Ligand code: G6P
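Here's a solo chain for you in structure tokens, the form predicted alone.
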């Protein structure tokens, strides 16, 4: 049954636009999130068309679940109080430990994966989790409404929802690259086929974007034959940086204070190679550090003259493989500092906690930005650094990043697995003529902001409506 207050535009995602914390006095503290979806959804109805919207998401913590129980949720947001065990199995067991690994080519295939009885139990939870979203969306959507399903956590929702509500226009936008055809057979036959069909299944004119974030490689022949599925279209909508927000935020006092501190730590006259990432396996931080060490080994003229600022904040530390990876990053940075450091020069400044103001300060002072993922849906860091750079920044960019399709012409491209070539690229970036660097930065910033968050969201709505 359709809700009495049915919505015309719906967004579905694992994490919603607001989260709740339960205070000691029993009251709830609501915190609004940021990002492209939040900005985009606020644009609905600006022209007075009266479009109603609803965001369907999961209750992720005790505060969220209490808000659901009290009926204290924010207008326009419906949180689903799904069993915590089901969510854990679906989110960590399948989405982050299986689908993420397939899409990013992270498996060591001689040892993994092994799809056993435990996997089947977790997959059942993933189906239950996706079904809860499909049922809620079916109940809340107005006739002919547009539904925008987000990311690999909800791969099964489009097909499930299509069966329940064939009148809807359903888009699936993936914020990761889509698995290459040769990797999809890693999944059990019945699950791989079901996931493919359900992801592609949507109402007339829906635009599933398996090439999440505009990762064009996914479109070139690797989208499960999407063009052959009746009524299925594939679109590319590359999320851009929010230039106005970034430029304003990067000039605030806390960023200025971090600039002073970082410049003191780097030392006068030294160049900087900057990276800002989650310690996510696909971000390739270890090979980036190996390339920097190779630069110092092969080109001793850079010793004492350049500092690698590496901000690698925690990611998925509840998974052992991610804890081990963070330990590897820390260990390698310490080895480089021990091998090459002097009394007045620390080659690597590594920070393993998240501080947005500090990251913006590093963006502003970067001579070189290193973005070398083994595979990435988009990578907004590559787009953000040129937007806020003070003096111009050379971008060393993996050709496996989705952003490469837009930024590659003015970046220095690297094979993310080739440590020697990445070291050479760092040298090329460091010796780049300042005028050329400034001109490249200007072009990079223009390309990076071509489709800012609100336009990105509305662009997808327009694509769904035009079919």
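Residue numbers count along the first chain shown, from 1. These numbers were taken from a predicted model, which means no experiment stands behind them.
One more form of this protein should be noted, the form predicted together with ligand G6P, which is absent from this view; the next part is about it.
Stretch-level contact analysis of 69-77, 126-134, 334-342, 275-283 against ligand G6P in the predicted bound form, using heavy atoms and a 4.5 Å limit, identifies 275-283. In the predicted bound form, residue 100 approaches ligand G6P with a heavy atom inside 4.5 Å. The closest heavy atom approach of residue 172 to ligand G6P in the predicted bound form falls outside 4.5 Å.
Looking at residue 151, you'd find a heavy atom of it within 4.5 angstroms of ligand G6P in the predicted bound form. Interface residue remark: residue 176 is counted as part of the site for ligand G6P in the predicted bound form, having a heavy atom within 4.5 Å.
Taking 346, 96, 122, 250 one by one, only a single residue has any non-hydrogen atom within 4.5 Å of ligand G6P in the predicted bound form, and it is 96. A heavy atom within 4.5 Å of ligand G6P in the predicted bound form is found for exactly one of 91, 258, 311, 302: 91.
Shown without its partner, the chain has 316 as the single residue in segment 314-335 with a non-hydrogen atom within 4.5 angstroms of ligand G6P in the predicted bound form.
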